[in-house]
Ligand code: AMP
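Shown below, as structure tokens, is a lone chain in the form predicted alone; questions about how it binds or moves come after it.
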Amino acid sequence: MTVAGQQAVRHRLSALPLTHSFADLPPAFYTRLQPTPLRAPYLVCASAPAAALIGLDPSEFDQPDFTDIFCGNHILPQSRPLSAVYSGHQFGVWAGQLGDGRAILLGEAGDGTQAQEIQLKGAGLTPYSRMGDGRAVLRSSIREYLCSEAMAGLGIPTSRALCVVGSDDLVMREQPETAAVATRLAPSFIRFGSFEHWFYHERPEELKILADYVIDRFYPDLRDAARPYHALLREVTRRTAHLMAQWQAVGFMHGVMNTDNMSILGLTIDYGPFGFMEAFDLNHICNHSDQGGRYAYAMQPQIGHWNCFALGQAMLPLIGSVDEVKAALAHYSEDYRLKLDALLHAKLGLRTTQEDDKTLIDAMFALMQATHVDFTLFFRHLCNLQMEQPTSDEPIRDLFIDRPAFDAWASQYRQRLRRENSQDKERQRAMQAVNPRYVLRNYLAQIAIEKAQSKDFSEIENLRKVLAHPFDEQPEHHHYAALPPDWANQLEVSCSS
């Protein structure tokens, strides 16, 4: 069934058709278990666009059993709840066995490759919780909900968020916080670390079972390839390179790019201490826990490559030789460069590629770095620059302390536009379609969180609606596109997020 076809279906929750292909794998891949009940749950927010992906009628949000089902207090009869095992490298160090420490997979809804797995995050202790409590907190659950839906609005591959269910039960992080369960959707939550688990445990049979499952379910065209496992690694590497380029192009920083947080489908998953670039700094670190800066903005493409090498090592027993693994990984840098180059040309409204474009783009980023201009506002205001009207520069020029430096770069930019006979209105429309006006700034999420902590959930839905259409002007919502207030400089996010 196509996505359009799925969206035409509207199931009642009690009749939601669930299957569970991952539960059909051998028992070594997971532990079957029930979620831990959540006391006095209440619905915080729910996304109608996400519900459409699984054919769920949004009217079900108001039904009493909706909250019970999506906090884990009630299990649908056709569900087979489980938590998956995996391992991974964390901050570049082999961490051994990890697994779903607070996530429980209920099953999948939909047909074929369009099916979405339904996963509860924060549903209680599992055998993989290690020192954790198996719970999520309201703060981090709202952040994941909003960013999942915001990334979808930006057109970046991502898991989705169906809903957040809260409780007044307290859990301890840096301070006591209230518990919550976030329901996540994705075609699969299999990650690079899922493959590493079987490689490092010297279990080649399970490694092959996993690879065959991934190919058959998500990459069926690769089954007929001469070397299907080599082709799988090559395709995952390509998708990862493209994802890194898309992150960089919107100034998104994941914060914890461990191999257990890298999707085998090239999705953005496991939102924790993420951030969108504001005052531009190539070396910005969005994760307060990342004291070494391993996952700084400028490092993300390199770390994506490193993670693909870790996956390649794990798949070596299937592919057969180091040279074949290297061959599958060899195109990462070029895949990334070409994708980012295309995205940057689009952001600058350049229809053609010319010899000195790299010089212009490098000069732009050097200027942004030197002046710490706001990333999102710079590109959005640039859309309005006119070829023969320097006064059109005032909104973007006002972002710069060193205005003569901007004027010098803008002169080069205009010369480049003239060489391809760029037309203002046409270019403006094209640029506004790729340069968002709205992103999920940390302070916007914080305002929504603080209101939610007082049981006012309205700002979550307001933000979700705005971020679902980030390229539209939405003049009634321009305050969501403003520079962050001074108090936002004090906000920090960490791995506890």
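Computed from a predicted structure; not experimentally measured. Numbers for residues come from their place in the sequence shown, where the first is 1.
Not on display, but discussed next: the form predicted together with the ligand.
Engineer: Whether L98, G132 and R135 jointly form a contact site for the ligand in the predicted bound form is the question; each needs a heavy atom within 4.5 Å.
Structural biologist: Answer is yes for this spot.
Engineer: Given a 4.5 Å cut-off on heavy atoms, tell me which of 337 to 345, 201 to 209, 148 to 156, 254 to 262 is the interface stretch with the ligand in the predicted bound form.
Structural biologist: Contact criterion met by 254 to 262 only.
Engineer: Of H288, R173, K358, R419, which residue is found within 4.5 angstroms of the ligand in the predicted bound form when only non-hydrogen atoms are counted?
Structural biologist: Looking at the other structure, the residue within range turns out to be R173.
Engineer: State the residue from T371, T178, Q246, Q90 whose non-hydrogen atoms include one within 4.5 Å of the ligand in the predicted bound form.
Structural biologist: Here the answer is residue option Q90.
Engineer: Check Y86 for me: does it contact the ligand in the predicted bound form (non-hydrogen atoms, 4.5 angstroms)?
Structural biologist: Because a heavy atom of Y86 falls inside 4.5 Å of the ligand in the predicted bound form, the answer is yes.
Engineer: Might D270 be said to contact the ligand in the predicted bound form, defining contact as any heavy atom within 4.5 Å?
Structural biologist: D270: contacts the ligand in the predicted bound form.
Engineer: Is R102 close to the ligand in the predicted bound form, meaning a heavy atom pair under 4.5 Å apart or at it?
Structural biologist: Yes, R102 sits close enough to the ligand in the predicted bound form that at least one of its heavy atoms falls within 4.5 Å.
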